[in-house]
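This document opens with one chain alone, in structure tokens, the form predicted alone.
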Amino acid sequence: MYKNMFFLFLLLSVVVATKASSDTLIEKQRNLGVLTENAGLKLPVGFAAIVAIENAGRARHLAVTPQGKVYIKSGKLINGKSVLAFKQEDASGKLAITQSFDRIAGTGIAIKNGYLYTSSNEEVFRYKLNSNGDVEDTAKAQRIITGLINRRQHESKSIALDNAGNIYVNIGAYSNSCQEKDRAKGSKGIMPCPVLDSAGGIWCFKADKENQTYGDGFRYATGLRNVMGLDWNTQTNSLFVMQHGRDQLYQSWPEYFDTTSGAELPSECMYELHKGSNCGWPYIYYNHLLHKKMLAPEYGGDGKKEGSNEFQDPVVAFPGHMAPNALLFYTGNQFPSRYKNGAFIAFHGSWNRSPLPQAGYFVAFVPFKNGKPSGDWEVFADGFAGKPIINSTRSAEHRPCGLAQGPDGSLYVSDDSKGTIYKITYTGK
């Protein structure tokens, strides 16, 4: 009898999950397990958080050296500088500023093989680090890549490096869905989409060659509207990315979408990329409720027609319009073993779900096993927004943007609203 009851419960759970709206799914994930509150955050039992840094400007992405020094890239200059360096001064975990340099605002920052890499919206630089994890000469930046397209839409250049001397750069599409008239109601899509020639994908360059341009690198993957979060997975030896899905399905195509479906779709997707990957933007979008690629309305879709199988499927699909701004595969040993090699995602928070409440403003976790997702995603750290219902991005107190792993296995989360940096540790208590 109990066995039959279990399978009945399992069947009902599948039915409910399939029919549930994205808001219900998010709430379900938020209620997984017992949560404790630390530094204003809600975390799984056994975890603790502190505010390690305050007022760090528009703290976008961040990186941590093997010595524990934290480098932050700001989206706005702070006293004329865009990179801030901090180190821990005592056992409290609080960090104090030690350096500030780089006069070009931006988002991307990474550390690899003794160099600190930073990006503006058009270029990528690197600085030599010494044995203490300090930049040797803050006035001596090597320009690694230059001339990247910037048309003031999806212009941020997020970066990641592999173990073979390559650097990967997101070049976001300067368009919502490659329409004849961008974001205009009923405007058809251009075929083929000319944006994809120089944007809407990931480009690969050498990590140590100066003044590279498009001609020196190559388009590693295409069909990606905008990628803010990307990370090299050392377990699979491949690049994973989080795409920001397109906007305004309802506003542009009200004959096919209502306010609810326009708010919940398209999915925010995680892709595993390899050379030549094509994820389908702008021709398709993904529907996580149907588990299908759908033909975009700009190219003849009506919310029911499926998209071509020539395009890649995501490995994980999340509810729409949550803005995944960072991706990190956890390789530390401090957290419990189920977190090892799993993926953390910082959801910056949406603006395109009105009249429904906005969503995101949390850090999610996806368990991985043997390089593949091995369970449902869950909310790991919540409460950044400071209130349960967000109707406008301006009302959120904090917005998660960047993720970094410390040498001790702790997790750092940046907030580009108030410049707060959180440090999350596992205490087991």
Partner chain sequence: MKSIVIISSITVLLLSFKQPKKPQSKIDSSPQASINRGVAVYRKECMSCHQADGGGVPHLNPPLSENTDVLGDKKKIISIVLKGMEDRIPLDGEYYSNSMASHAHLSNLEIADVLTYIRASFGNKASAVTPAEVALVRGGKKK
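On a predicted model such as this, the values are computed, not experimentally measured, just so you know. Positions refer to the first chain, counted from 1.
Keep in mind the form predicted together with its partner chain is missing from the figure; the text below concerns it.
Figure note: of the listed segments 260 to 268, 179 to 187, 289 to 297, 103 to 111, the one touching its partner chain in the predicted complex, with heavy atoms no more than 4.5 Å away, is 179 to 187. When contacts are judged by a 4.5 Å heavy atom cut-off, residue 65 does not count as touching its partner chain in the predicted complex. At a distance threshold of 4.5 angstroms between non-hydrogen atoms, residue 358 is in contact with its partner chain in the predicted complex.
Contact between residue 330 and its partner chain in the predicted complex is not found at the 4.5 Å heavy atom cutoff. Although the partner is absent from this view, residue 351 contacts its partner chain in the predicted complex, with a non-hydrogen atom inside 4.5 angstroms.
Every residue of the trio 152, 248 and 392 has some heavy atom no more than 4.5 Å from its partner chain in the predicted complex.
Contacts between stretch 404 to 429 and its partner chain, counted in the predicted complex as any heavy atom lying within 4.5 Å, involve no residue at all.
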